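Listed next as C-alpha cells is one chain, alone, in the form predicted alone.
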C-alpha cells in the first residue's frame, strides 16, 4: 500500500447509471484532511463517494484508495474507508447500541467479548457508557447518527465518507456532531448542502453535471457557489411576483 501518493486518485473515470452518464473521463487527486463536495442534486456527489469505497465500480478508468485499485481490492476497502449514510436507519442493523458498534470489530476478527469491551470503551469515551444496552429505536435522529459515527470509526478506518449525514437534523445537533467529527484523526470526504459546515474545510470541490466546476479553498468556491445559486433563483422569484 502506497503511503506517499494521494489518498484518493481518479484516473480518466467514466460511469453511467440507469443509462445516463454520470462521469466521463473524470481525473482527480485528493489528499487534504477535510474535503467537501458541493453541487445541486444529481451533480454526482453520491456516486463519487460510492466509487471511492467500491459500492460502485467505474465503467472505465481507475480509482485508487491509499494506492489500492478499488476494482482489485474490494475486500480491503471497508477497512480503509468508513461510509456514513444520510439516513441512519439505512445503516443500523442491530437492536442495541453496543451490538451495532461492536459489529464492525467482529467482522475484523475480534471475539464477542473483545468487540463488546471496545464498544463499551468508545461509548464511555464519548460520555455515553449508559447507552450500551439501550434499544436504538428509542434514540433521536441525532443520537442515531452519533451511534453510526461511532460504529464506523471504532474500526479505525483511514478515511470517512459522509453522504449528507446531517440533512435531517436540527442546527445545534449538526454542529455538535460536526465538532465531534473534527476531533477525529481520519481524512474526511463529505458531501453536504450545508455550506456553513464546510467553511473550515481544507478544500471544496463543486460538481456540476458530473464535471468539476470549481475546486479550491472554501472561501473562494463556496462564495462562487452561493452567487451562482442566487443568480439562478432570482429570475424564478421575479417570475413569481
Ligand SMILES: Nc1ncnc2c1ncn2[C@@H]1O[C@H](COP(=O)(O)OP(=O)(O)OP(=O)(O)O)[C@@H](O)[C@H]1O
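Note that the structure is a prediction, hence the values are computed from the model and not measured. Numbering follows the first chain given and starts at 1. Think of the rigid core as the biggest set of C-alphas that the two forms share within 1.5 Å after superposition.
Just so you know, the form predicted in complex with the ligand exists too; it's not on screen, but the next bit is about it.
Judged by heavy atoms within 4.5 Å of the ligand in the predicted bound form, the contact stretch among the candidates 168-176, 196-204, 38-46, 65-73 is 38-46.
At the 4.5 Å threshold, heavy atoms of residue 86 reach the ligand in the predicted bound form. Interface residue remark: residue 100 is not counted as part of the site for the ligand in the predicted bound form, having no heavy atom within 4.5 Å. At the 4.5 Å threshold, heavy atoms of residue 17 reach the ligand in the predicted bound form.
Within 4.5 angstroms of the ligand in the predicted bound form, the stretch 160-182 places a non-hydrogen atom from 164 alone.
Shown in the overlay between the shown form and the other one, fitted on the rigid core, is a CA shift at residue 167 smaller than 2 Å.
A displacement of less than 2 angstroms separates the C-alpha positions of residue 75 between the shown form and the other one, with the rigid core held in common.
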